[in-house]
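Below you'll find only one chain, the form predicted on its own, shown as structure tokens.
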Amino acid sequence: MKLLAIDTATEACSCALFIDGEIQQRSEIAPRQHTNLILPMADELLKAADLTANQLDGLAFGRGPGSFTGLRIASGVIQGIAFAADIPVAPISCLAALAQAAYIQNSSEKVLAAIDARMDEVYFGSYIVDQQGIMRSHDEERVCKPESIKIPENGQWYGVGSGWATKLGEKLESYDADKYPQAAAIIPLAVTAFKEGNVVSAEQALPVYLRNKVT
């Protein structure tokens, strides 16, 4: 399987290429530079692998939650490539990608992922790893005030993401607030999505903002 994944939902801009079990990634912390960086990253990875987009089996992208502008960039880029190459897309939660990275890097099996949503709010979700090493949602993702979140009592949880730099950090001893969603962590989630048929066509590769659900 050959997949290309991108994420531009936060300050981090990243692109990863998956070829038969191996992942190569380009990543940079560069706020407001994603438009200039993401396509050159993708081109570099494809050229290094001697591939074109038409030779890919599919695409994946961080569909949110995150920056409105960043999510529109990711969606627009993925739609353009998917239309041109006529290949399917796996939209992947950026919170799930944070949780997946925590499992890959720290073997954390229960993860509370949080992204700073500004306006004194966070994007928040809880995840538990399955027997295949894939993070599965434990509760509905949401945008909310940090002080409204209750830490689950069932087991030891690890916090990850910029949202933990807010008041949320007072609720849990073990967390890392310096992590951002990365395309490399999207890859295993995307591979699973393709196996399970959870993919969409180019026109359906849309962002998920979460904040739209709040009245």
Partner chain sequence: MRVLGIETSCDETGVAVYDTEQGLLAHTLYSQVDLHAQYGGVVPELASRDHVRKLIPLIKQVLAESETNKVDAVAYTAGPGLIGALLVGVSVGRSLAWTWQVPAIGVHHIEGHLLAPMLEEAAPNFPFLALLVSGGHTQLIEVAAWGKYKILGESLDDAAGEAFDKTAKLLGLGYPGGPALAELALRGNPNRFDFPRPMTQRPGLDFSFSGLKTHVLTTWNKQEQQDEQTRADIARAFEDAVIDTLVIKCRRAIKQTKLKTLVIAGGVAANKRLRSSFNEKLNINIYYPRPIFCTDNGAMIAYAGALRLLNNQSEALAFKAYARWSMFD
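Everything numeric in this text was worked out from a predicted model, so none of it was measured. Residue numbers count along the first chain shown, from 1.
Absent from the display: the form predicted together with the partner chain. The rest refers to it.
Not one of 49, 103 and 134 is positioned with any heavy atom within 4.5 Å of the partner chain in the predicted bound form. Residue 35 belongs to the set of residues with a heavy atom inside 4.5 Å of the partner chain in the predicted bound form. With a 4.5 Å cutoff on heavy atoms, residue 81 counts as touching the partner chain in the predicted bound form. The partner chain in the predicted bound form comes within 4.5 Å of a heavy atom belonging to residue 40. In the predicted bound form, no heavy atom of residue 88 sits within 4.5 Å of the partner chain. Interface residue among 191, 19, 199, 206 relative to the partner chain in the predicted bound form, by the heavy atom within 4.5 Å criterion: 206. Proximity to the partner chain in the predicted bound form, defined as a heavy atom within 4.5 Å, singles out one entry of 122, 111, 73, 92, which is 73.
Only one segment in the set 73 to 81, 95 to 103, 141 to 149, 114 to 122 has any non-hydrogen atom within 4.5 angstroms of the partner chain in the predicted bound form, and it is 73 to 81.
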